[in-house]
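Just the one chain here, the form predicted on its own, laid out as structure tokens.
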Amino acid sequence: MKPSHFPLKNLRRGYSTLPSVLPSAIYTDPIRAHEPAISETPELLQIHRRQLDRALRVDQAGEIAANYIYMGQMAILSRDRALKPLIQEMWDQEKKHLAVMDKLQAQHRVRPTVLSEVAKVAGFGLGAVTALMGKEAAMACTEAVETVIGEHYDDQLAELESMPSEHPSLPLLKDVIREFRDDELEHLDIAVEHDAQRAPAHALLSSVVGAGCKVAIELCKRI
């Protein structure tokens, strides 16, 4: 039987069409800070505005949780010479994701989830506890989380196709989500390559973590 990550891994490779200058780079370029694509939010029908609000609310919350998962892992595994640089590299990407999501939330005037503090505590706890179970379990946690996030971003991109694209901020948003999805699926690949599937009770651990992530996504969309 093929490992469960293979369909997403293949999807990621199939989507490798991003330009050499990443879409999110515009949000960290002060010279372009006043461009409409990153400084304005479009006039939308209520149904589309609600869709945009929910998307950015849950994405921002997810990046908060991801940062704290890696913080928890690093707190336990910082002495592991093999894993420390890998965890740090993935964490640095999540820090960038969160910085961009914070700017998107402000740009589109989206109310953040009230569960952000819960996401921090739960994320750190999940990262630390699985790391205490061993480095394989820590990687299994990353595999499970990134599998759900990859699927979530794919579903979100499909939903955003129904939105009008006349305003430059919306095509850019979709490009940023594609970029972040590919980053998350790269993290999935890294976790699998570093023995995620050798974790004790891997299937159970993956199911529990994945189910928790899906519940968190639905809650953050609404609250």
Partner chain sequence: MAAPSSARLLKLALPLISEHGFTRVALSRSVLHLPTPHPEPLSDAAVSALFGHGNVARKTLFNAWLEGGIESMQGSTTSASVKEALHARLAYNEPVLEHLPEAFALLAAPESGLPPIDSVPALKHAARVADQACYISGDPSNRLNWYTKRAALMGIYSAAELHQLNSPKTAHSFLDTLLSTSATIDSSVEEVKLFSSYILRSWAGIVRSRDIL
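Residue numbers count along the first chain shown, from 1. Computed from a predicted model, the values in this text were never measured in an experiment.
One more form of this protein, predicted together with its partner chain, exists but is not displayed; see below.
In the model of the complex, V110 approaches its partner chain with a heavy atom inside 4.5 Å. Within this chain, D92 is remote from the site of its partner chain in the model of the complex, having no heavy atom within 4.5 Å.
Taking non-hydrogen atoms only, S116 approaches its partner chain to within 4.5 angstroms in the model of the complex. Within 4.5 Å of any heavy atom of its partner chain in the model of the complex lies no heavy atom of A196. Heavy atoms within 4.5 Å of its partner chain in the model of the complex are found in one stretch of 22-30, 180-188, 163-171, 56-64, which is 56-64. No member of the trio T147, E151 and S207 reaches its partner chain in the model of the complex with any non-hydrogen atom inside 4.5 Å. Though its partner chain is absent from this view, in the model of the complex it lies within 4.5 Å of a heavy atom of just one residue from M71, L83, L98, M133, which is L98. Along 25-51, a non-hydrogen atom within 4.5 Å of its partner chain in the model of the complex is carried only by S39.
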